[in-house]
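Presented as structure tokens, the chain that follows is alone, the form predicted alone.
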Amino acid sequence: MENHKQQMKKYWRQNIRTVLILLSIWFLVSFGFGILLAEPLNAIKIGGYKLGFWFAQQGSIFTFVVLIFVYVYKMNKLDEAFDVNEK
């Protein structure tokens, strides 16, 4: 029973670590690139739009959607590793 508790603690530690990493990436893209670094990024244009503007309007949304898929993939692997998957 004690081993099971330790395994679950390890599982949740890795789960929280994954969430924090993914949220940090999203914060960097949305706040960092979209707000703090918008002016320097505006010197670069993609498709006629300033890159800082693009990150503020679209980049953070696209990044968030990609991070959802990354989270699902990572959690499925973690669930399999700890034998808590739904299969």
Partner chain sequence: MDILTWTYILVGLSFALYIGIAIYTRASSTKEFYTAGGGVSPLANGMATAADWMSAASFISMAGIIAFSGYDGSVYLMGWTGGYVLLALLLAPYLRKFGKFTVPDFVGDRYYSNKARVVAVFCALFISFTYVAGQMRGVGIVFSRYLEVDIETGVLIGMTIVFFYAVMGGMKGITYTQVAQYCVLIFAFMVPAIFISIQLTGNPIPQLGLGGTVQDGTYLLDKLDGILADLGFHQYTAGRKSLTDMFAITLALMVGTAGLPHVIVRFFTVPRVRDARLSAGYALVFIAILYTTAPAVAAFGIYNAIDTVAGQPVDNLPDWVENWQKTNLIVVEDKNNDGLVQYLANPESNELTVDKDIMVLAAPEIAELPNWVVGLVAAGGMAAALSTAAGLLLVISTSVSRDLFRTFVPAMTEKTELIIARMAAAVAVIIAGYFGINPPGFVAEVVAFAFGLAAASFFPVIIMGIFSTRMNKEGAIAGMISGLVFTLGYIIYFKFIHPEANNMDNWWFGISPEGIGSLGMLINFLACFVVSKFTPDPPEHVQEMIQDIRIPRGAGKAQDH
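Numbering follows the first chain given and starts at 1. Bear in mind the structure is a predicted one, so any value in this text is a computation, not a measurement.
Heads up, the form predicted together with the partner chain isn't pictured, but that's what we're talking about next.
- In the predicted bound form, Glu2 stays away from the partner chain, with no heavy atom inside 4.5 Å.
- Taking the partner from elsewhere, Met8 is found to have a heavy atom lying within 4.5 Å of the partner chain in the predicted bound form.
- Although the partner is absent here, Gln14 sits far enough away that none of its heavy atoms falls within 4.5 Å of the partner chain in the predicted bound form.
- Remark: Leu41 does not count among the residues lining the partner chain in the predicted bound form, judged by a heavy atom distance of 4.5 Å or less.
- Within 4.5 angstroms of the partner chain in the predicted bound form, the stretch 20 to 50 places a non-hydrogen atom from each of Leu22, Leu23, Trp26, Phe27, Ser30, Phe31, Gly34, Ile35, Leu36, Ala38, Asn42, Lys45, Gly47, Gly48, Tyr49, Lys50, taken in sequence order.
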